[in-house]
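The form predicted on its own is given below as one chain in structure tokens.
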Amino acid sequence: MKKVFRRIAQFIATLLLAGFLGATLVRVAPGFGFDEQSLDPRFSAASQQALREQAQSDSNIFVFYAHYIGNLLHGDLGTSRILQRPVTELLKERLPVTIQTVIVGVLGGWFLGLGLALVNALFRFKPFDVFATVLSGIFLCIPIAALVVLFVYEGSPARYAVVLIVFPKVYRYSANLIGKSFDQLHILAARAKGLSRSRVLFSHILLPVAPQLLALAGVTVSLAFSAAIPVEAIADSPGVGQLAWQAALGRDLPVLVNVTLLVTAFTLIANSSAELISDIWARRA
């Protein structure tokens, strides 16, 4: 029970710290406190004065964050300065798009990465190993922006770029893990007794390394979510990434703080869930 409370306390402390650091970075960024609307001649002097007062209210980051936490405890995430809409509504509209991008990226990345690793382990064909290694290395080196631009240019959904971001991580880790397992003495003994390579792979290798693969799954979920933000921003997809980009351009502090908390919470939940499942698996084994 103490361990559970400790985990919850660490979770909350990490969220609060991430939100504060995110708000601080926005506050010290160049151009903070300047609103383009203040130059719009259509706004009256009273409206421009209200904009200046609103920007001045965020000048003290400690006061702003304390006020934000107080509203958060009452379920109020604030109001977007540039869109003039509650942040809760904006996230409800855009989060499903981002979650769909994450699901496609994780499932596609694991299908390619683990699939190539299993084929490589089953057949041990050196040219295939070189091909898969070079392919994963190429996509590991290509910047996210270049992948997104390529998909947009070809008219394909930009979310598939997340697949190619997750794939190299899955392949390199799982291929190394499975390859090292094949060299263990009990695996060599099983092969010497006549067991097929496929039976050894699925019964004596994949099951024992399942906790490590589950831990990798948690990492790839957080990786896909983090990658979805710039992918949606570059492709102008109506998800959280596009919202974050608009908020960054407009120094929309309420939106940026909530997006920071959302990314942090998603990462912590994914990693903690994978760790919990791995512990349960290891105990049953």
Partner chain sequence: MRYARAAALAVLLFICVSCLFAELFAPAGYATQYRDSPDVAPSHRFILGTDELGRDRFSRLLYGGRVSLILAPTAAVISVLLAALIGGVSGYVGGWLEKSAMTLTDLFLSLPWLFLLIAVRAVMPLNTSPEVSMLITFSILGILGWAATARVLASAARDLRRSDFVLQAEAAGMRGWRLFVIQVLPNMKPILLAQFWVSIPIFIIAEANLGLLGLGVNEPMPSLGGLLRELENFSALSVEPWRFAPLILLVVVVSAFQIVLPEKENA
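Please read these numbers as outputs of a predicted model, since none were measured by experiment. Numbering follows the first chain given and starts at 1. Only the largest set of C-alpha atoms that superpose within 1.5 Å between the two forms is called the rigid core.
Just so you know, the form predicted in complex with its partner chain exists too; it's not on screen, but the next bit is about it.
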Exercise. Taking I229, L256 and L268 together, does each of them reach its partner chain in the model of the complex with some heavy atom inside 4.5 Å?
Worked result: yes
Exercise. When its partner chain is placed as it is in the model of the complex, which of 123-131, 152-160, 110-118, 79-87 ends up with heavy atoms within 4.5 Å of it?
Worked result: 152-160
Exercise. Though its partner chain is not shown, can you say which of A146, I99, A189, A210 has a heavy atom within 4.5 Å of it in the model of the complex?
Worked result: A146
Exercise. Taking the shortest heavy atom distance, is Y68 within 4.5 Å of its partner chain in the model of the complex?
Worked result: no
Exercise. Quick one: is A248 in contact with its partner chain in the model of the complex, heavy atoms, 4.5 Å cut-off?
Worked result: yes
Exercise. Would A217 count as touching its partner chain in the model of the complex under a 4.5 Å heavy atom rule?
Worked result: no
Exercise. Can any non-hydrogen atom of T14 be found within 4.5 angstroms of its partner chain in the model of the complex?
Worked result: yes
Problem set entry | in the model of the complex, residues of 221-235 near its partner chain [heavy atom within 4.5 Å] | S222, F225, S226, I229, P230, A233, I234
Exercise. Taking the rigid core as reference, does the Cα of L261 move 2 Å or more between the shown form and the other one?
Worked result: no
